[in-house]
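Here you get one chain, nothing else, as structure tokens; it is the form predicted on its own.
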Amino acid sequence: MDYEKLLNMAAELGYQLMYSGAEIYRVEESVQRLLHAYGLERPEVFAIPNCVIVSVTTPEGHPITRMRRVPAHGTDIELLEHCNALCRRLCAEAPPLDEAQARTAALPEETPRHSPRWMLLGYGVAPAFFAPLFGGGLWDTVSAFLCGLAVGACLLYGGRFIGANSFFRTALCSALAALLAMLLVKAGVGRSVDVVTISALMVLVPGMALTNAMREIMAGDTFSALSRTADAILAASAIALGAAAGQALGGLF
């Protein structure tokens, strides 16, 4: 058994799971099950939102450790589903390590991606569905759709101008949504600034991160839970600051 290859493959799978937005317990349990399937009795796996550490001891008593740093990431349900399916297949079949490594390395390329047009449409449709829930009428729904398109375009195509800092990116997008909502209402397209604004901002709310944080608190992964909670609080602060700035700017017109 080539334990170096096995450890590299397990660490890569853990990395892909974490990068897709998986919960901490899912990452650790998946990697442990994978290593158990290849005959290792007591593997050690430690994961936090930006790091995965896998350690095993060979039958000869030599400890081997791999660490993968995970960059800033969001949630990719398609990739998460493919990682889960691959982990189950590898645990059931335990194929040769070269084949398992190739399957794991091919995960990002094999995961289907939606085109930017469909993603932009999704950013517009989501606020349009929220507007009636908040008591908006037809024209509020139309305005929310337009604001959602603006936020989606800012997120999808404005990365090179905004930068990679998620706090400033979220603040700028929320400011744009609030400003556009006020302008649309003043132009007579929308009826309620509050309904249009909050509907557009819903696409920026870090609901998944906060949900995972609460789940990890209950599971006892305190460090990871605090990290995710801090991210969610920063995102909420950016939304609030950006919306306030957008409304202040809109009041000047």
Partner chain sequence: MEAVFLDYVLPCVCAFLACVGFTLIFNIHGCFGKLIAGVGGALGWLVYLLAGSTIFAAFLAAAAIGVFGEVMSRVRRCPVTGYVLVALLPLVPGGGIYYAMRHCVAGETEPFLNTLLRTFGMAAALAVGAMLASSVFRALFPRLRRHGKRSP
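Numbering follows the first chain given and starts at 1. Predicted, not measured: the structure shown is a model, and the values here were computed from it.
One more form of this protein exists, namely the form predicted together with the partner chain; it is left out here, but the text below deals with it.
For a residue to qualify, one of its non-hydrogen atoms must sit within 4.5 Å of the partner chain in the model of the complex; all three of 113, 122 and 197 qualify. For the chain shown alone, residue 81 is a contact residue for the partner chain in the model of the complex, at least one non-hydrogen atom being within 4.5 angstroms. Contact annotation for residue 105: none of its heavy atoms lies within 4.5 Å of the partner chain in the model of the complex. Although the partner is absent from this view, residue 11 stays clear of the partner chain in the model of the complex, with no non-hydrogen atom inside 4.5 angstroms. Residue contact with the partner chain in the model of the complex: residue 132 places a heavy atom within 4.5 Å of it.
The listed set 53, 70, 37, 210 contains one residue whose heavy atoms approach the partner chain in the model of the complex to within 4.5 Å, identified as 210.
Residue 126 is the only one of 153, 126, 142, 97 with a heavy atom lying within 4.5 Å of the partner chain in the model of the complex. For the partner-free chain shown, 75, 76, 77, 78, 81, 84, 88 of 67-99 come within 4.5 angstroms of the partner chain in the model of the complex, judged by any non-hydrogen atom.
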